[in-house]
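Starting off, we have a lone chain in the form predicted alone, written out as C-alpha cells.
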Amino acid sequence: MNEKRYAIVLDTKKCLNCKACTVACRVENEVPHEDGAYRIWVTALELQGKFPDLHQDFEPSQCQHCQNTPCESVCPTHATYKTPEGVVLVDYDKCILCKACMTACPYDARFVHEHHKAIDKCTMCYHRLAEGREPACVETCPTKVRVFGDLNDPNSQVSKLLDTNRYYRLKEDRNTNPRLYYIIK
C-alpha cells in the first residue's frame, strides 16, 4: 500500500501550555488575530488535587481531520474536501460562507477568515508536507506533544505510538473517526 494516511498523535502530559504551537500556526498560515480566529488551540483543564499539591493538564486540539467528515457532507458547493491522504481542506474559491460546515463540525474547529472571505481551519500545513516538512505546530513544540506521520506505515512513529500506548479520540460517540489520537498515560 503506497497511499499515505496522515494522523497526529498527542501526548498531552508533555504540554506546558506555552502556546508555541498556536503562535507557529498563526505565523505559518497567516491566521488573523481576530476573536474566534484560530486553527489550533490549547484548553486548560480543571485544576486537580488540593493545595499545595495541585496539578493541571492541558489539551491541545484542532481540526480532527475526520474520516467521516460531517463538514464535507453538508457543504453545498464541495468547498470542503479530503486529499488522498485524508487531510480535510477548504477551497476558498468555492466557499460561499453559508457556515453549514461550522454547524456540522462537532469540534468547533472552523472560523470565518475575513481576508479569504471563506471558512478556514487547520490544514495539517498541507503545503509543507510536499516539501517533507512537518506541520508548524509539530515542528515548533519544545516538548514534542504532537507527533505527525503516516498510519499506513507500520514503521512510522505514529504507528508505533498507537501500537504501544492506550489512546482515545475526542467525541468518539459522534462516529466521525478522527485522525487525532490522544495517548492515555
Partner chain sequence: MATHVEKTGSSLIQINPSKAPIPFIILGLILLAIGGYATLQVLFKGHEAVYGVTREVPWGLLISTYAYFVITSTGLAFIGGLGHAFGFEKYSKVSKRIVVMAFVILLAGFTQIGMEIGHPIRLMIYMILSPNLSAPIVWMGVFYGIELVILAIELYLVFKPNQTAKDHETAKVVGFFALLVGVFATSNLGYVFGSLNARPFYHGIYFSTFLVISGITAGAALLMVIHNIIYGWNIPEKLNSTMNALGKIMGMGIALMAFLYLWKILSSIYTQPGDAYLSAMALIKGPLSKNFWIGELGLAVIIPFLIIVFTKAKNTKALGVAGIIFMIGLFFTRYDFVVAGQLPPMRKALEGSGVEAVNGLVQYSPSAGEWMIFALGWGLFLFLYFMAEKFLNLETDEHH
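It should be emphasised that the depicted structure is a prediction, and the values quoted were computed from it without experimental measurement. Numbering follows the first chain given and starts at 1.
Keep in mind that the form predicted in complex with its partner chain is missing from the display, and what follows is about it.
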So which of 35 to 43, 155 to 163, 127 to 135, 142 to 150 is the stretch with heavy atoms within 4.5 Å of its partner chain in the predicted bound form?
35 to 43
Would residue 14 count as a contact of its partner chain in the predicted bound form, using a 4.5 angstroms cut-off between non-hydrogen atoms?
no
Given that its partner chain is not shown alongside this chain, does residue 105 nevertheless sit within 4.5 Å of it in the predicted bound form, heavy atom to heavy atom?
yes
Is residue 99 one of the residues lying within 4.5 Å of its partner chain in the predicted bound form, judged by heavy atom distances?
yes
Just checking whether residue 81 would be counted as a contact of its partner chain in the predicted bound form - the rule being heavy atoms within 4.5 angstroms.
no
Using a 4.5 Å cut-off on heavy atoms, which residues of 58 to 96 contact its partner chain in the predicted bound form?
70, 72, 73, 74, 75, 76, 77, 78, 92, 93, 94, 95, 96
